[in-house]
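A lone chain, given as structure tokens: the form predicted alone.
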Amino acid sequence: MKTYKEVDVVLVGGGWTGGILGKEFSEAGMTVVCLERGGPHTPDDFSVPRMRDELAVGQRMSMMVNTTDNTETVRNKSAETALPYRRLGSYLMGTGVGGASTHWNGHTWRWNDNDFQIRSRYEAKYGKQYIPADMTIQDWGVTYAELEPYYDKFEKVAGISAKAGNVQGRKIAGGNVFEAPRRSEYPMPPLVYGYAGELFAEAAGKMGYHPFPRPTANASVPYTNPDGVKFGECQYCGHCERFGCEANAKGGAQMTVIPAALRQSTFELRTYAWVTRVERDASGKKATGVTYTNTVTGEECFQPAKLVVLCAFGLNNVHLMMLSGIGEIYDPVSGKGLLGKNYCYQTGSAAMLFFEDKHFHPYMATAGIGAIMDDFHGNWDFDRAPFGFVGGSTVGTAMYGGRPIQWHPTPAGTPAWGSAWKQETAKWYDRSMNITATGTVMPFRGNYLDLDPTYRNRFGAPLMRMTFDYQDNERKISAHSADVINRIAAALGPTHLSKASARQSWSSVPYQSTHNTGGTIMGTNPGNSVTNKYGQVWQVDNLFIMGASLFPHNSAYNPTGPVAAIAYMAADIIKKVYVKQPGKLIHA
């Protein structure tokens, strides 16, 4: 085994959190090695025509993980036998420098205290009995006020285009009036609505709702961020989610924080470095570094470090903790153990509207195009009691691009193949729009992650097993959002309407979202969490975890905002406090 010289910090994963911490630590003079199991990305990778190859990139998933190397096994209930998730469907895990930020849609939200203090707030408003006995929600141990400056920093670094709805307590029409107070306006104005967004916003506004432009990391105008990184203006090319950005207009770690870190002599990025284990000393209470395999040469390597930070995709962080034997794996029967607990996903619903007399030009689009409303999620005045659920949903249009393989909506009753299908596809391609909802998922005792007893990855290690299904809470949220969608859709008077309906059970087959959360949850003490609010592992105080695996539940918002804010907050306290006096940052 090859052993390298000890460094101050080793980062496992080269996405948003690895890039943020790499930049912050190296600029502070700390020696940093970032290990990314995928390869590098060059400007040519995202160039035209390569990045317009929908078959290779959008359907065969050339920017995603190879599931023959590693994946999860999935099932809905503990009584079932889990099978490997080999064909990418429900969620899409990225690979390579930048991680999922290279191919994400860029939707960026500020989660607030409705999420961070979820149990306290629901109990105070609705009573303790309102929360189901098997719903394992908890307060996070962090507040919006603590994260607000870091939200602000990330929005400027990533180049977020949007309209603020609450600046220093002043509500602003046209933005999200239900958001928590922010210190300043977004760095760029919002992207255009598109025709579908205009129709939705007009109808929703007339019904008393509060639509606004979706906040997203797509530059609406040429932009230079605080680190001097130049963004091009979004071209509305219709190739955003699943694709890299040809115009350099979509904020990602590979074009912002990682290049800034690479300018520092104290930062090193190693690609094709697959970390297989976090190593500890004889006491088990101190991490000594990580073991990884160079996937090009097959050589096994050890990188010693004073501080180890897991910055991979959330599911991979949980898996690595399990393979490293750190912490007790959660048992849903006894309720003991924390590792793998509180796995969550997202729910939703969607309707398709068809108009004889309207043309939407769906090929002119971007991930952030369209209008959305937060009346049933961020709006704490919305009374959940009549519907009986915890959480809520956002509702809006999602016209991300009319790519020919993926986008061919037809009304109900259309034949599934043949000349009639071709005629209907050609007719409705330009005459249809959608309205969608994204809903929260709360943790339940029977939804969890553990190690599979049968299947193994390319290195012979057990795959992680996912046991998950929607519960009554999520079915109620989905049913409520479907009703809202259908009422707005009916108000638009479409020629044909494929109505939204509630999701009943989770399937790994159709794509839904890549918002997988939980498994190494944060909290207030070692009895209810794997880490404290800074991501510091209670059991091993020189081991930190970043990313959405820290989240005790999942919101209706996309997770990247708090993922980045927590990373910046952790970087600050590590630089200012931990480095000077290593040890527990919170004693509980």
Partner chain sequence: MSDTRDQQPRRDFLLRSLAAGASAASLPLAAATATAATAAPTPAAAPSGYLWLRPDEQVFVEALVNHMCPADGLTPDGVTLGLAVFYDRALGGNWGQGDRLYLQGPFKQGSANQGYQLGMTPAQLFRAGTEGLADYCRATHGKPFDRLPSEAREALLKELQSGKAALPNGVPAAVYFAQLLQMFYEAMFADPIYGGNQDKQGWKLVGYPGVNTANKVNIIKYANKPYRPEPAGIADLS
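Computed from a prediction, not measured in an experiment: that's the story for all the values here. Residue numbers count along the first chain shown, from 1.
What comes next is about the form predicted together with the partner chain, which does not appear here.
Contact check for residue 153: every heavy atom lies farther than 4.5 Å from the partner chain in the predicted bound form. Interface residue remark: residue 369 is counted as part of the site for the partner chain in the predicted bound form, having a heavy atom within 4.5 Å. Residue 112 falls outside the set of residues with a heavy atom inside 4.5 Å of the partner chain in the predicted bound form. The partner chain is not shown here, but in the predicted bound form it comes within 4.5 Å of a heavy atom of residue 403.
Stretch 426-434 is the contacting one of 426-434, 292-300, 164-172, 256-264, since its residues have non-hydrogen atoms within 4.5 Å of the partner chain in the predicted bound form. Contact annotation: of the candidates 511, 387, 421, 130, the single residue with a non-hydrogen atom within 4.5 angstroms of the partner chain in the predicted bound form is 421. None of 126, 455, 380, 272 but one reaches within 4.5 angstroms of the partner chain in the predicted bound form through a heavy atom, and that residue is 455. Shown without its partner, the chain has 192, 194, 195 in segment 182-204 as residues with a non-hydrogen atom within 4.5 angstroms of the partner chain in the predicted bound form.
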